[in-house]
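The chain below stands alone and is given in C-alpha cells; this is the form predicted alone.
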C-alpha cells in the first residue's frame, strides 16, 4: 500500500538519510557481505532513491533495478539518480511482481534490497517469495524491517498507515525465509523488538523455490 504524507516526509529527510548511510547500510553489509564485482541488484520500494544511491556508491552495484508503487517517488528518485544514467533503471510497479516491472526472470539478480518496505505490503509473503524467485543461487537478500510490535505503538498508529492484518513479528519474518529457499546468514540484528536487520542467501545448488 502507498505511504501516507506523514510517512513520506519521515522517510525522505536528512535524519533518515543519515541513519541509512551511517547505520543501516554498514550493518547490512556486515551481515550479508559485499556484493560481487559486476553485481546486478533489485531494490523493492525505492522511494525517493536514497537507498538506491547507497546500493550504487556504498555497495558498488553495477546495475540497480528499483521499483516503487508511488509515481511521485519514482519521479523524485529519477532526479536524484539521473547522474547514474543506464546504471539505474526505475519503474512504477509492485514488489510482488518484478517480472511486470523489469521482465525479471528466475535468478535474475545477485542481490535484492529491502529498506523497510515489506511491512507495507498486505501480501508480504508474496513479496518474500518474489525476492527468492529473482535471486541467483548464491544471491543475497539484504533486509531491514519494521515489526508488528512497532506498528502497534501509539505513535505509529496515529501518524502512519499500514496493513492492519497479517503483520509479522521478527520471528515470523525470519521463519518465512526458509519456506522460500532462503537461509539467514549469521545472526539477525534486532532492536527493541521493533526492527530487524539481516541478510539471507539462496544457497547454490537449490532447485525450485517452495
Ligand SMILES: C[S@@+](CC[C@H](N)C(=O)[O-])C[C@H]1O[C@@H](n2cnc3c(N)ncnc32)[C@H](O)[C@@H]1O
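Residue numbers count along the first chain shown, from 1. As the structure is a prediction and not an experimental result, all values here were calculated from the model.
Although not depicted, the form predicted together with this ligand is the subject of the following passage.
The closest heavy atom approach of residue 110 to this ligand in the predicted complex falls outside 4.5 Å. This ligand is not drawn, but in the predicted complex it has a heavy atom within 4.5 Å of residue 11. Residue contact check for residue 69: one or more of its heavy atoms lie within 4.5 Å of this ligand in the predicted complex. Proximity of residue 189 to this ligand in the predicted complex: non-hydrogen atoms within 4.5 Å are absent; the residue sits far from the partner. The stretch among 69-77, 100-108, 82-90, 131-139 whose residues place heavy atoms within 4.5 Å of this ligand in the predicted complex is 69-77.
The candidate site formed by 18, 27 and 150 is entirely out of contact with this ligand in the predicted complex, as no residue has a non-hydrogen atom within 4.5 angstroms of it. Contacts between 11-48 and this ligand, taken as any heavy atom within 4.5 Å in the predicted complex, involve 11, 16, 20, 43, 45, 46, 47.
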